[in-house]
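Form predicted on its own, single chain, as structure tokens, below.
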């Protein structure tokens, strides 16, 4: 079943896909958008967690920002804090769903199973078997496809090793021993939730300390703090503020510097409100790497490398809260020849100032764009710049 050609097709319905669609609809650009709304947040984050980003940086973006998280919370009578109290996952998901209903009512809730070149653009195939012809395509699949599990665990079955994105709830681990690998937000969140669920938790980190964020100062902050440490969606400090506000300038930096900055900035750090749920309640192994991991009759046998020497640890399950790593080849719904045609840098797509790949008409946004536009693309707040930039470009070239 084939359909008439559409000017723009968007694959993905998270903060980036929905924000771009809202901008394009306002500019009267013909489009179709496919995906499950807020899928990564609904299906790949543990219930009971809160966002690490503040309320002011947890928005989706319509033209003019007329419907922010603050607007939604005011309408629903929900508590809202600009920069002190955390945003619950439940409220953020509900807000994103409401944003979709208001600004992207044409969302088609079906996945795209394949994307390939066509004589006049691209052909997308949906789960329902429809073949969609599009002149231009935006891939906005977010973190999906990029979960990173260390090679040490590659030969162990999913029964014993999983990625943090596979757990929306943890009650099944009650009474079991679990090793959480990592020192970032996902690791801290899951370690705390697992302890609350009655699991015996080991949190294993390579660094010498777990870098929990400091609690925010009450608002308004003192003037000298606002001048010396301006806040942004990437945190406090001038470097963070510049990367947040000027992704276009980041794009102009030499490639090696961009890659270095993306690797170094905003490293693993659980939120301040997680510290009390973890410290003194779970066993924390710092300065530790995994030398070996093997299956035994009860779960997983780990050999830990520590300064004082090797240590053995037996657990029922391992959760790799080891983040996400962009590898273009893992976008397996994209035709292999099409993936090969895209220019890459360290396995990530090389993008123009308008998010266009080296394949004309094919655009990538969100996490896949971080090596081009900086760490802001790892977070929802990066959708503001992205939606404005890409919508203006596409409207001007329709």
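In this text, all values refer to a predicted model and were calculated from it rather than measured experimentally. Numbering follows the first chain given and starts at 1.
The same protein also exists as the form predicted in complex with a small molecule; that form is not shown, yet it is the one meant from here on.
Here the chain stands by itself, but in the predicted complex one stretch of 243 to 251, 137 to 145, 292 to 300, 306 to 314, 137 to 145, has heavy atoms within 4.5 Å of the small molecule. For the candidate set 362, 38, 370, 351, a heavy atom within 4.5 Å of the small molecule in the predicted complex is found for exactly one residue, namely 38. Among heavy atoms of residue 390, none comes within 4.5 Å of the small molecule in the predicted complex. Mapping the unseen interface onto this chain, residue 196 falls outside it, with no heavy atom inside 4.5 Å of the small molecule in the predicted complex. Among residues of the shown chain, residue 326 is not one whose heavy atoms approach the small molecule to within 4.5 Å in the predicted complex. When the small molecule is considered in the predicted complex, residue 15 lines it closely, a heavy atom lying within 4.5 Å.
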